[in-house]
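Only one chain is included here, represented as structure tokens and corresponding to the form predicted alone.
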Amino acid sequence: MQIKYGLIGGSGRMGKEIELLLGESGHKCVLKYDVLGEWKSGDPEIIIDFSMPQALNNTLGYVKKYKIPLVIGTTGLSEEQLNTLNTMSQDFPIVQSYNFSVGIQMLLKCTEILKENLPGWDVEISETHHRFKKDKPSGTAIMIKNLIGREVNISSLRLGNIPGNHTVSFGGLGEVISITHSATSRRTFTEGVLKSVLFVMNKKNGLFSFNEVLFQK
């Protein structure tokens, strides 16, 4: 089945990767909106947004206009914008995540186990991304911090062309446990986006995480 989709932020790094993979999978981009303006060749059945927070109003405008689902991976969203997505999800199905990697979901599960079993240990998070990433710390690092549920220091580096490295370390008085996830290609994220598109197309409404995309029965 071919899915016709709209892509917000299509000229960006992730946007280009998304269009490449979805094209390989037989799906068609019929609408784009980015800093270059709007391009349209048909009506989309879903909107995919990997742009900037300031584009959210345009994104939600398309969702309302066409009455279609949304997959959004934009980082740096404000609490107010997240609340807006939550409200929108009462009428439209939305998948929102700061990271669409299967491996990161495994890191989060391992982190939860360590948090529950090592309550008195010190915790630090570090993350490294390419020089063009504007938000610091990364949305994924914030996800890890929120999972831990207390104040945790986050160290951020912006170097070269690194797609994304995240490490969470637990330290006791005599030993340290570190879990690291390294993305070697942006394709891992776009594969997660495709999973999310196929998942949310069958929903009527609701706000879903990528964890639910992977594990909800």
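Being a predicted model, the structure only gives us computed values, none of them experimental. One-based numbering along the sequence shown.
The form predicted in complex with ligand NAD is left out here; the points below concern that form.
> Which among 166 to 174, 39 to 47, 26 to 34, 148 to 156 is in contact with ligand NAD in the model of the complex, heavy atoms within 4.5 angstroms?
Replying inline: It is 26 to 34 that comes within 4.5 Å of the partner.
> Would Gln105 sit within 4.5 Å of ligand NAD in the model of the complex, counting heavy atoms only?
Replying inline: Close contact is absent here: in the model of the complex, Gln105 is far from ligand NAD, nothing within 4.5 Å, heavy atoms only.
> Quick one: is Lys195 in contact with ligand NAD in the model of the complex, heavy atoms, 4.5 Å cut-off?
Replying inline: Residue-level check for Lys195: no, no contact with ligand NAD.
> Is there a heavy atom of Pro93 lying 4.5 Å or less from a heavy atom of ligand NAD in the model of the complex?
Replying inline: Pro93: no, not in contact with ligand NAD in the model of the complex.
> Taking the shortest heavy atom distance, is Thr111 within 4.5 Å of ligand NAD in the model of the complex?
Replying inline: Contact check for Thr111: no, nothing within 4.5 Å of ligand NAD in the model of the complex.
>> To verify the annotation, which of these, Thr184, Asn161, Gln54, Thr180, has a non-hydrogen atom within 4.5 Å of ligand NAD in the model of the complex?
In response: None of the other options qualify; the answer is Gln54.
> Taking heavy atoms and a 4.5 Å limit, what residues of 87 to 119 are near ligand NAD in the model of the complex?
Replying inline: Residues within 4.5 Å: Ser97, Tyr98, Asn99, Phe100.
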